[in-house]
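Let's start with one chain on its own, the form predicted on its own, as structure tokens.
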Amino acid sequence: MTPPTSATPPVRLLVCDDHIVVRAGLLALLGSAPDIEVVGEAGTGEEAIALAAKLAPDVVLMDLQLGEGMDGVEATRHITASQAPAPAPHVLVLTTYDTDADITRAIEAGATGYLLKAERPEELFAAIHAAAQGRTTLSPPVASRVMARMRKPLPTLTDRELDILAQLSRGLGNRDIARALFISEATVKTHLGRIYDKLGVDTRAGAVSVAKEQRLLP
């Protein structure tokens, strides 16, 4: 009589990356892990959503930048919100991007983990297994940024400062901002000075860049 086995089934994985060569490399790498089974691959966010619903993987390995169409964050949001016909799979982000904005958007969309492509294969394998169990894994640089963000609260801008910042992001000059908001140019300059101080910048481009990274703009 064959003795019963206690081996756990392999993690069913769906890979989503728009670069064919990168995706092929990932498939070859993951094929060397006996406890991970790649059940499908996608090159777009739309494909990932459809295959996740069809194949019901345990984990979706998701890139953030997917070329034209839906990006990885939006695809993650759709996948993690799914409830039928099976519980939604966990999403593990695998990307080269580690900005505060990218990390925040991915986590808010429901990503279980956030890994950088520079990680070693064994770290990737471990993160996939952790994601399958619903445990969070963050690459060390990502974890450091998350901790730094928690220690340093976001600057608080007034409604008027946010209005001016929004106009600034459109590329408007002081005169056009003043006309759009029905205020004087001197008032615009005063508010800009306060915005620069709060964001720790000294240029218009710097203010817009920081505002986008910290998600101060809609």
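Rigid core (definition): largest C-alpha set, two forms, superposition within 1.5 Å. Quick note: we count residues from 1 along the sequence shown, nothing fancier. Source: prediction; values computed, not measured.
Not on display, but discussed next: the form predicted together with another copy of the chain.
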In this chain shown alone, the residue from Ala81, Ala148, Ala101, Ala118 with a heavy atom within 4.5 Å of another copy of the chain in the model of the complex is Ala118
Between the options Ala106, Ala132, Leu124, Val142, which residue brings a heavy atom to within 4.5 Å of another copy of the chain in the model of the complex?
Leu124
Considering another copy of the chain in the model of the complex, find the one stretch among 187 to 195, 52 to 60, 156 to 164, 28 to 36 with heavy atoms no farther than 4.5 Å from it.
28 to 36
Contact test, all of Thr44, Ala178 and Leu181, partner another copy of the chain in the model of the complex, heavy atom 4.5 Å
no
Does Val73 reach another copy of the chain in the model of the complex if we count a contact as any heavy atom within 4.5 Å?
no
In the model of the complex, is there a heavy atom of another copy of the chain that lies within 4.5 Å of any heavy atom of Pro9, even though the partner is absent here?
no
In the model of the complex, does Gly69 come within 4.5 Å of another copy of the chain, counting heavy atoms only?
no
In the model of the complex, does Leu168 have a heavy atom within 4.5 Å of another copy of the chain?
yes
Using a 4.5 Å heavy atom cutoff, which residues in 88 to 105 contact another copy of the chain in the model of the complex? It's fine if the answer is none.
Leu94, Thr96, Tyr97
On a rigid core superposition, would Arg204 pass a 2 Å threshold for CA movement between the shown form and the other one?
yes
Aligned on the rigid core, do the two forms place the Cα of Glu37 2 Å or more apart, comparing between the shown form and the other one?
no
Quick check on Ile164: with the core superposed, does its CA move 2 angstroms or more between the shown form and the other one?
yes
Any idea whether Ser209 and Ala109 get closer or farther by CA distance in the model of the complex, knowing it moves 3 angstroms or more?
farther
Cα distance between Glu68 and Leu165, which in the model of the complex differs by 3 Å or more from this form, closer or farther:
closer
